[in-house]
Ligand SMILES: NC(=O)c1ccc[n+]([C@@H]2O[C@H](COP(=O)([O-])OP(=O)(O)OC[C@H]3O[C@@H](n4cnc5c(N)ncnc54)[C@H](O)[C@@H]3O)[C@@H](O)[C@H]2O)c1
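Just one chain follows, in the form predicted on its own, and it is written as structure tokens.
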Amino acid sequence: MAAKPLRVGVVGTGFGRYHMEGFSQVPGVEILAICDLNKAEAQQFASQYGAKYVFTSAKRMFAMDELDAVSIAVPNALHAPMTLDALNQGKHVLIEKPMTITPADAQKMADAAKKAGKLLMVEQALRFRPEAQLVKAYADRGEFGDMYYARSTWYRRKGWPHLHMPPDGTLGRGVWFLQKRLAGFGALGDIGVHLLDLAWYLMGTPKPVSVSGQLFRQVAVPELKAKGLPAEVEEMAAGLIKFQGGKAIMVEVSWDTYTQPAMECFLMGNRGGASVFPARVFRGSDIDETVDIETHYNGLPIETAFSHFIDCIRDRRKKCIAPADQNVTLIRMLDALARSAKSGKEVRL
């Protein structure tokens, strides 16, 4: 007898449309409901994915007995209250990154999931990239030895959300990205959360002990002001995070900077190292070993965040790749970097 379909509701039709696409490709999943303040757009996606219900109120959607899980892709400041509402209604939750905008709210979310006995997972997409999973497999086998340092960067040119992205597009279309009370962070919480998290994950999530950082708004402020847009959040973040055992990660991210666009993550160990984009490993010789994803994956499953979320619901013994507790620590690091930039001093954790 076939297993009962797992029924999912999606909140948000901006980036949430990628959540819909992801769940639509997972066997045994039914997208039952879609919610957005833009009812017409929600109805459009409900028709596309065969969802039976459309809502403009997330609270009403979460109250549905038929729903097993919800996926939330809304402005950052709404992550915590919506997640708490959904958990209180007995739903498993996949939340878009960043988990939330304050360490206190992140801890409340993790505690609520534990109390409810439900899965809370954060959609840290880069952890699920095939290149990252391959490098992680090498690291977990100890082929790099003791991993002591990582450098992770993402530089854009003209990559401000809303300012440089079409308002009817799929990425960064909301003005909320530019408002501190709704976004919490600028580039740090949008792309920095990805690059810091990736390096930290591949290094084995060591315990952070201190953070030093700086935030910049040097390039796009005149353009923002000329267009009557908020200029409240940073366009670039740079930080050094130190961990127990003398390990460290340097992270640099920018929405707009006068340099070559790049997305890189380098890891260094005492017996080898790796880069992620593209996946390459360096071990014990002066010859670079380029790793081909198709032929050197060693039989590891290539999971998406959405299939993994569903698998972890179906088998609660399965180890979650992007669990709530790790994301609480990640938010603490982001918050500490912002506080260090404001005070001009290192922040101890």
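Counting begins at 1, following the sequence as shown. Keep in mind that what you see is a predicted model, and the values were worked out from it rather than measured.
The protein also exists as the form predicted in complex with the ligand; that form is not presented, and the subsequent description refers to it.
S.K.: Heavy atom within 4.5 Å of the ligand in the model of the complex: which of His194, Lys118, Arg151, Lys242 fits that? Just give me the one.
M.R.: In short, His194.
S.K.: Which of these residues, Gly159, Pro230, Pro208, Pro75, gets a heavy atom within 4.5 Å of the ligand in the model of the complex?
M.R.: Checked against the cut-off, the match is Pro75.
S.K.: I'd like to know whether Asn38 contacts the ligand in the model of the complex, with contact meaning heavy atoms within 4.5 angstroms.
M.R.: Asn38: contacts the ligand in the model of the complex.
S.K.: Does the ligand get within 4.5 angstroms of any non-hydrogen atom of Gly172 in the model of the complex?
M.R.: The answer is yes: Gly172 has a heavy atom within 4.5 Å of the ligand.
S.K.: Should Leu330 be classed as touching the ligand in the model of the complex when contacts are defined as heavy atoms within 4.5 Å?
M.R.: Output for Leu330 is no: heavy atoms all beyond 4.5 Å of the ligand.
S.K.: Does any part of Glu235 reach within 4.5 Å of the ligand in the model of the complex? Heavy atoms only, please.
M.R.: No, Glu235 is distant from the partner.
S.K.: Is the ligand in the model of the complex close enough to Pro5, Gly22 and Asp68 that every residue in that trio has a heavy atom within 4.5 angstroms of it?
M.R.: Result no, not one residue of the spot touches the ligand.
S.K.: The chain here is shown without the ligand. Which stretch in 95-103, 110-118, 219-227, 132-140 comes within 4.5 angstroms of it in the model of the complex, by heavy atom distance?
M.R.: One stretch meets the cut-off, namely 95-103.
S.K.: With the ligand taken in the model of the complex, which residues across 105-128 come within 4.5 angstroms through any non-hydrogen atom?
M.R.: Result: Glu123, Ala125.
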